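What follows is one chain in structure tokens, specifically the form predicted on its own.
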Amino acid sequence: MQLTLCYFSPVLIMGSVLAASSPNPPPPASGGIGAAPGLTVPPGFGMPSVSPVLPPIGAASGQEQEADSPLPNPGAFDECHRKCKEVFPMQMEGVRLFVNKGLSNHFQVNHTLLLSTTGDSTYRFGATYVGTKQMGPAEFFPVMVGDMDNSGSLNAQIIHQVANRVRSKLAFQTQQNKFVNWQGDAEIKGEDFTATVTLGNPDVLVGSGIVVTHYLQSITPALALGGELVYHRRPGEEGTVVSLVGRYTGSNYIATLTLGSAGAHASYYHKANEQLQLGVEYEASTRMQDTSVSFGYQLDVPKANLLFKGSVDSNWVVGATLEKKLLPLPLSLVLCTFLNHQKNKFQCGFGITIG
């Protein structure tokens, strides 16, 4: 069971394909779906982690392989900057209470109460189901995640492993009684590449929709190159955005660069030791005519069950979060503060997580 008190936006955005043309937002605090006994998904939703591609069948044990081992799978395109973003704290305001209850090894429900001083206070009920089809040591499919708030707005995702290397996802979002967004993804994982096609909000009658394609290829065990193509169309408007990405993975660091017509995004992640992780990001937007540099760090103190994250950017926004696990109780406390020196604004959040 899990309980969290902290502020979160009243409407949970499910990763609309519109965000594909800009740098991805920080990932949610909760991890991907693991083994069935430890389900944890909301809030945030998203693709569960992917197990390594199975080695080819037929190689006899004890025989020496003349050819070099194949290149590793580079992972998904959306995960290129994720490791660096996980170091930065998530901004929260107000109070949030999150209660998570596992009903079985494959089913759990959760309750979220949001108390805000700047927006409406809301209540959300969520449910997560993980099927019995096992595709890896900690992967079970299909996965169905959804939640609904007190106004009737619904967010839902269905993730399924169609074949050994093909995964699909359907996502829906409604605002009260109106559809706001829906999208379908198909992901193919090869030995040394990952290809993804996303179709968002298609409307044949009006002639509108968004198509996003991703491709990431391992060039060497450390270097991966790829690209992204975003095509959007609606009455009176049509456009294409192309981006290229390169990622280099060292023994304790990851350097990533994304260049495209929408701007540039560079990130550097460094693991200093088992307790300290650092991250630096540079973002430039051609549409907003703005650039920013951010520095973040994560300090883990396992003996005290403490996790601290801090950040500062070129706009003089300073933020920090502190998470304390009250073992042996299934209870965690979260404190968050953000201070914008230019706008002279201060935000503070408090959270309790049970489970």
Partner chain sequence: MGSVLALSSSPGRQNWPFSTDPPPSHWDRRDGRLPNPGSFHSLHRSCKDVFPQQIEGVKMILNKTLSSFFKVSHTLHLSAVSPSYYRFHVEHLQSDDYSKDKDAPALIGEMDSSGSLNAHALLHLTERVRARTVFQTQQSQFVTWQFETEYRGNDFTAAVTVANPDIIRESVILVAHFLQSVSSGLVVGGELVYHRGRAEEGGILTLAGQYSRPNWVATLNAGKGGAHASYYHRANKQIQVGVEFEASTRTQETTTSFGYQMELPEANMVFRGMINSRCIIGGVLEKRLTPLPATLIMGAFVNHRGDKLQVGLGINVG
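Since this is a predicted model, take the numbers as computed values, not measurements. Numbering follows the first chain given and starts at 1.
The following text describes the form predicted in complex with its partner chain, which does not appear among the structures shown.
Contact with its partner chain, judged by heavy atoms within 4.5 Å in the predicted bound form, is confined among 112-120, 72-80, 183-191, 155-163 to 112-120. Interface residue among Met144, Ala262, Val95, Ile254, judged by heavy atoms within 4.5 Å of its partner chain in the predicted bound form: Val95. The closest non-hydrogen atom of Leu331 lies beyond 4.5 Å of its partner chain in the predicted bound form. Contacts between 325-347 and its partner chain, taken as any heavy atom within 4.5 Å in the predicted bound form, involve Leu333, Leu335, Thr337, Leu339, Phe346.
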